[in-house]
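Single chain ahead, written as C-alpha cells, the form predicted alone.
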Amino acid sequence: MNKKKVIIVGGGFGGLRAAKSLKNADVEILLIDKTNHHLFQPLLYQVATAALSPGDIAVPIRAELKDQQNCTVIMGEVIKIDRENKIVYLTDQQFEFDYLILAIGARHSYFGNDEWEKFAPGLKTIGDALSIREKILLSFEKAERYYESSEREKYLTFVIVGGGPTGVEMAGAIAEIAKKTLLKDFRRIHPEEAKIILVEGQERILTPYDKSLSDKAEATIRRMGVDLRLNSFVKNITEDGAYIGDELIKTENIIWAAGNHASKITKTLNTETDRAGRVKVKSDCSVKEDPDIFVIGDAALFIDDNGNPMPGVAPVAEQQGRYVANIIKKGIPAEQRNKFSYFDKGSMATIGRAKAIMQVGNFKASGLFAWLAWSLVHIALLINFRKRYKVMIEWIYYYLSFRNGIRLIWKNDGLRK
C-alpha cells in the first residue's frame, strides 16, 4: 500500500511543528520553503538593530529534520495550488499530494500603497532585517560625515509606522542605540539630536493588551525619548520622507510595522479569503471545499468561540501545526474531528532594556520582572542549545555594557548622499 503524501508549504513555526509531529506517522512528507532556514521571527528586530547576528535566530531546516526519515526538504517557491487535482506547482516542478498544509505566513501590507515599500521596508525576513540595519548604521555615518549639511537632521530621524509589538520593539531599540549606545562612538553628533517617531492610528499602542499595560508601555516609551503620535495616519511616503497628516517628516529611515497580508498563493486555492488574503478555515483548520487541505498560522483566518480571529503569533501556528498533524497521523475523517482549541499561554512585548509588559490570563506585569520573563521565554524557544547559550551571553553583556557589537556595514557606496 502506498503511503499518503503530505506536502507542507512553509518552514516557519507552524510548518516545522507539523513536520516534526508527523515523525512517526506512516506518511511521506515533502516540506517546501523559499529559504533554507527556519527563522525565529520574534527576535528579528534585534538583528535589525544590530543586537544579534542572523545566525543567532535562524537554523537550517534540513538540520532540524535530518533524523526524520519520512521527511524530504526542498528549497523552492510555490506559485500555484490546484485544489481540485491536488497538485502543488513550483516554477519548474509539480508535486501531487493527499494532504496539504499551508503554513506560509504573511508579508507586510501597505493597504493598497505598494509603492511605499521601497521607502519603508517591513520586517519579516532576515533580508528585511539586514536592509534596515544597513540603513540605520549608514544614517549615523552620514550624519557624522555631513554634519554641517542642512540635511543632517533627516539622517538622525527615524519614523516607525505601527504601534503593535513590532513597532514598539523597533522604536524602543532604536531609541536605545541612538541615545545611549552608538552616538558615544561619534564626535560630531549628539544623543539629543536623534528623533524617533512612532505613528499609531488608534488611541493607544499595543491594543491587544489590557489598557493599563498599554498605558505603562506608552509612558515608558515616551520617557525613552520616543515621539509617540497617536490617532495619526501616514498619508504618503516618498523619497523625501513620511507625510503624517499634512506634515512632512524628512527622513531616510522609515520602518513599516502597520499591517500584514497573506501570500498571493492563497488566491489560487479558489476559496474564501478576507481583505488581508487570509483563508477562512473551518474549525479543523481545513478549507471549506476540501477536508484534506489545511491552512494554519498567519495565512489562516480562524474565528474562535467569541467571534474573534486567532492572533498572528507563533504559539497559534505551532499548536495548529501539531493539531493538523494529529488529524493526518490518525486519518481522522472530517465529521469526527474535534474543533481546534488554542491554549493561550499569555503575551509579552519588550520595549527596551529591562522594560517589557506581560499578560497571562488575569495576571499582568511590567518593568524588569516582565523583561526577565520575556528574555527567559524567548531564549527557551530558540531551537538549539548553542543558540540559546550564545544569545543569553550576548544579552547579559549588552545589559551590563549597553554595547551591541554587530555593527558592520558592507555596502561600498552607502555614503553617497
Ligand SMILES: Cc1cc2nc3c(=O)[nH]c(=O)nc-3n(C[C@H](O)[C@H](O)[C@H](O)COP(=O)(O)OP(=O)(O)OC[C@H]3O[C@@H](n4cnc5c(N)ncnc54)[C@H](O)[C@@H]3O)c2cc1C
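A residue's number is simply how far along the shown sequence it sits, counting from 1. All values reported here derive from a predicted model rather than from experimental measurement.
The same protein also exists as the form predicted in complex with the named molecule; that form is not shown, yet it is the one meant from here on.
Interface membership of Gly352, the named molecule in the predicted bound form, 4.5 Å heavy atom rule | Contact check for Gly352: no, nothing within 4.5 Å of the named molecule in the predicted bound form.
Going by a heavy atom distance of 4.5 Å, is Glu77 a contact of the named molecule in the predicted bound form?
-> Yes, Glu77 sits close enough to the named molecule in the predicted bound form that at least one of its heavy atoms falls within 4.5 Å.
For Lys364, is any heavy atom within 4.5 Å of the named molecule in the predicted bound form, or not?
-> Answer no; every heavy atom of Lys364 is more than 4.5 Å from the named molecule in the predicted bound form.
Quick one: is Cys71 in contact with the named molecule in the predicted bound form, heavy atoms, 4.5 Å cut-off?
-> Result no; Cys71 lies far from the named molecule in the predicted bound form.
In the predicted bound form, which of 109-117, 186-194, 237-245, 289-297 comes within 4.5 Å of the named molecule (heavy atoms)?
-> Result for this chain: 289-297.
Looking at Gly164, Gly225, Gly201, Gly312, which is the one with a non-hydrogen atom within 4.5 Å of the named molecule in the predicted bound form?
-> When the named molecule is considered in the predicted bound form, the option within 4.5 Å is Gly312.
Tell me, which of Arg322, Lys124, His261, Lys267 has a heavy atom within 4.5 angstroms of the named molecule in the predicted bound form?
-> Looking at the other structure, the residue within range turns out to be Lys124.
Give a yes or no on whether each residue among Phe13, Ile104 and His378 has a heavy atom within 4.5 Å of the named molecule in the predicted bound form.
-> Yes, the whole candidate spot contacts the named molecule.
Judged by heavy atom distances of 4.5 Å or less, which residues of 23-57 approach the named molecule in the predicted bound form?
-> Counting only heavy atoms within 4.5 Å of the named molecule in the predicted bound form, the contacting residues of 23-57 are Ile32, Asp33, Lys34, Thr35, His37, Gln41, Pro42, Leu44.
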